[in-house]
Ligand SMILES: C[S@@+](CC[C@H](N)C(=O)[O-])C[C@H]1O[C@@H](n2cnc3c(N)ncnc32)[C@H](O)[C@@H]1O
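What follows is a single chain, given as structure tokens, in the form predicted alone.
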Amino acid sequence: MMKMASNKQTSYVFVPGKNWKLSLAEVAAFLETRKCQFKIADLSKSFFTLTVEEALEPSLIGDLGGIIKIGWVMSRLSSETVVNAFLYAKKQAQEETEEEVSADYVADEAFKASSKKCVFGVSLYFEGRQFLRHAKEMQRFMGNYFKGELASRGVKARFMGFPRNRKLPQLTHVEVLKKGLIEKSAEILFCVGREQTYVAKTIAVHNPFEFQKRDVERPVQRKIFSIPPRLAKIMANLSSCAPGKVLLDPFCGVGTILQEAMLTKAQVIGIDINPWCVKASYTNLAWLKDEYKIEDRRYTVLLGDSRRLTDKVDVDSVDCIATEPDLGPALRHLPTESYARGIAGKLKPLYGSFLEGAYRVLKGGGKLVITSPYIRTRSGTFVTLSIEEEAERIGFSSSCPIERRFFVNETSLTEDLANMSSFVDIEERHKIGREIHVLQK
């Protein structure tokens, strides 16, 4: 869990997963729920920079599903200087870049290991495509600079390279974990934004092996219809799930969302109409308690129909709901648009009945995070199950996790983000993706 230290106005770089808007929404919801004062200082698809009133613990990354790396910002310089140094090869700008980096004692902060030998890496993240041609050159420049700094301190350093077919000079989170670069403070993030460039030390990386364990190593699995643990974590955070709160998943399946919510120290309630799923959830949650030594966590899994929630759950009794109802059949081929609309039409009554009950069992101000199908068709269009109109009729309002007040500077992009209450999650290979809606009572 997140802990606070006493440093004021500390800056961090967050490297998101593939769905950067969803990742940003999760971070904003997570910090806001825990009353952490923050501002979004820089923003792009490859990284965003946050300033916080009090320092964050590296363990924060374990509480997030959509963040790949977190770096503590040691130094910053003008991106105009970086453009001149690398895109236009101006020697004076290159010297200024070196001076700015060493002026804030970056080398001293980044490499604190006492060993006389060191393996380190430099990963580049940037906003504009104009840097793509020069990215490897920039990475080598920074790597050679730090290698020289270490040599002047009597440290024999080896600079990690990349496979030739790698498009971007970035270490993966798995590489950082396997090389132990976090423990050695030995990965530098060079992040070029619109106006500012940030030099950061990686303090935490996403551990895919933990999420994998909670997926394929739990006793009961259901591969085709089960939500990925990382997405389950994101949805729990979007719902403002936090220690001591009661989270409900009325379509709990094998308990994936319940698992991730339990790890946040929430009390969880699951409901499923399938007796096999109820038993599977109980088995998986019991395994989680034992595996993660969380014997104090409380959970209940009930057999029931989520179209009649109040038969099982008291009115105004739960703090948040995160759930994935039926998304439709598994498709072997891309459907026609009319067939896709037929899928959506068959699911609409289920969603409508559920929303009625969800509104009743939620406490005032409580959030509902729910997925609906996002169906790719043969013609390249997408068919969705638009639930906002029905939700608003019942009494819900759309909730936008990335609030306008979070941004240091307002742009057309920040305006769009501040109005987003749903997020699409679909990969190229998927025939049916998810639209994730955030609603509030």
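Start at 1 and count along the sequence shown; that's the residue number. This one's a predicted model, so the numbers in the text were calculated from it and none came from an experiment.
In what follows, reference is made to the form predicted in complex with this ligand, a form of this protein that is not presented.
Quiz item: For the chain shown here without its partner, which stretch in 189-197, 299-307, 117-125, 331-339 has non-hydrogen atoms within 4.5 angstroms of this ligand in the predicted bound form?
Solution: So the stretch in question is 299-307.
Quiz prompt | Answer option from Gln267, Thr81, Ser185, Ser226, heavy atom within 4.5 Å of this ligand in the predicted bound form | solution = The option sitting close enough to the partner is Ser226.
Quiz prompt | Contact assignment for this ligand in the predicted bound form, among Arg158, Arg140, Lys363, Arg222, heavy atom within 4.5 Å | solution = Only one listed residue qualifies here, and that residue is Arg222.
Self-check item: 4.5 Å heavy atom contact, Asn274 and this ligand in the predicted bound form
Solution: Yes, contact at 4.5 Å.
Quiz item: Is Leu350 close enough to touch this ligand in the predicted bound form, meaning at least one heavy atom pair within 4.5 Å?
Solution: So Leu350 counts as contacting this ligand.
Quiz prompt | Contact flag, Ile321 vs this ligand in the predicted bound form, heavy atom cut 4.5 Å | solution = Heavy-atom contact with this ligand at 4.5 Å: absent for Ile321.
Quiz item: Would Trp72 show up as a contact with this ligand in the predicted bound form if we use heavy atoms at 4.5 Å?
Solution: It does not: once this ligand is placed as it appears in the predicted bound form, Trp72 has no heavy atom within 4.5 Å of it.
Quiz item: Taking heavy atoms and a 4.5 Å limit, what residues of 218-256 are near this ligand in the predicted bound form?
Solution: The stretch 218-256, when checked against this ligand in the predicted bound form, contributes Arg222, Phe225, Ser226, Ile227, Asp249, Pro250, Phe251, Cys252, Gly253, Val254, Gly255, Thr256 at the 4.5 Å heavy-atom cut-off.
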